[in-house]
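The chain below stands alone and is given as structure tokens, in the form predicted on its own.
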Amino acid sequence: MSDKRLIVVALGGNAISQPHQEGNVGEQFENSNVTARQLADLVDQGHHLVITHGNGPQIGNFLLRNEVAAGEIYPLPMEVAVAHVQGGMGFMIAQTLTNELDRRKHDRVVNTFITTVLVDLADPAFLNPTKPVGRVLNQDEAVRYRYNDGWQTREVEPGKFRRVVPSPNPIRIMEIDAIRRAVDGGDMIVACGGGGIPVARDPDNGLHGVAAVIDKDLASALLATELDVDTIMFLTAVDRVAVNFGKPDQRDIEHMTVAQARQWLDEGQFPAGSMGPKIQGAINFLEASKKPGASAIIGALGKAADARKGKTGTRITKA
């Protein structure tokens, strides 16, 4: 397959769950259907897709089920929870996109890869957990979970606490050879859901899961690098990346170079909780790519096809 047609598409959280919704399965399927239409527009343009996605609201709900069911049934460790959510969300995205492609006379079945991603236990992130997961806790609950379950918690607002876990850098996608064979064979796939299931290697016992969250944008960038694609798309809720966001002198950026992206990132223009990981993912991909014409696109999910054509979105290039 020509890699000119191959795109890694990283879906943001709005692709499956909207902030104002309960986030039940019916709503997730409705949102997945809307997302499938945007992805199918890219296929209509002649592109072959490898799709990744976030899982923030879904993993939060799964962990809440763990808490509610405590005392009635055994809890699941976080890495197993990530695997469950990855499978469920991959099923929804693959099914709705398969159906949409069928309606458009594309004879394709979208497959989901349950994906594990290697991390290093020596990563500094394990010494400073920063990724909030699960529901908001009061002080008594935070103390109880720290004492009984070994959770690390952080006060996010006065009197409000969240569990925090490490967010280490992804090193290797363990299933990359199988993913590459599937893509080379013409399969359209969903992979690295929620950033992948974090695993570490023990010299004596081999691979084992770890209680951590891998940023899905960084995992998507690694996947794009490993597949040697020309383009990665980060689809989110905004039309373009902006500097001085929310200020009177806000400026939307149509194009930036890697050097500009890194400068603005270092200046704090792109916060870690929003645009920062997408910009860092774009930088990682472009610096690793051997292709002079490689690009990263950040744009609105509802305008995916237009962003690919350059009509909207922010395009980041090497120079």
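Computed from a predicted structure; not experimentally measured. Start at 1 and count along the sequence shown; that's the residue number.
Omitted from view is the form predicted in complex with a further copy of the same chain, to which the following refers.
- Stretch 173-181 is the contacting one of 236-244, 158-166, 173-181, 121-129, since its residues have non-hydrogen atoms within 4.5 Å of a further copy of the same chain in the predicted bound form.
- In the predicted bound form, a further copy of the same chain sits within 4.5 Å of a heavy atom belonging to G185.
- Interface membership of T116, defined by any non-hydrogen atom within 4.5 Å of a further copy of the same chain in the predicted bound form, is confirmed.
- a further copy of the same chain is not shown here, but in the predicted bound form it comes within 4.5 Å of a heavy atom of G23.
- Though the partner is left out of this view, W264 does not reach within 4.5 Å of a further copy of the same chain in the predicted bound form, counting heavy atoms only.
- A heavy atom within 4.5 Å of a further copy of the same chain in the predicted bound form is found for one listed residue only; from A219, L137, I93, I197, this is I197.
- Think of it this way: in the predicted bound form, a further copy of the same chain has a heavy atom of just one of L101, L76, L227, A211 within 4.5 Å, and the residue is L76.
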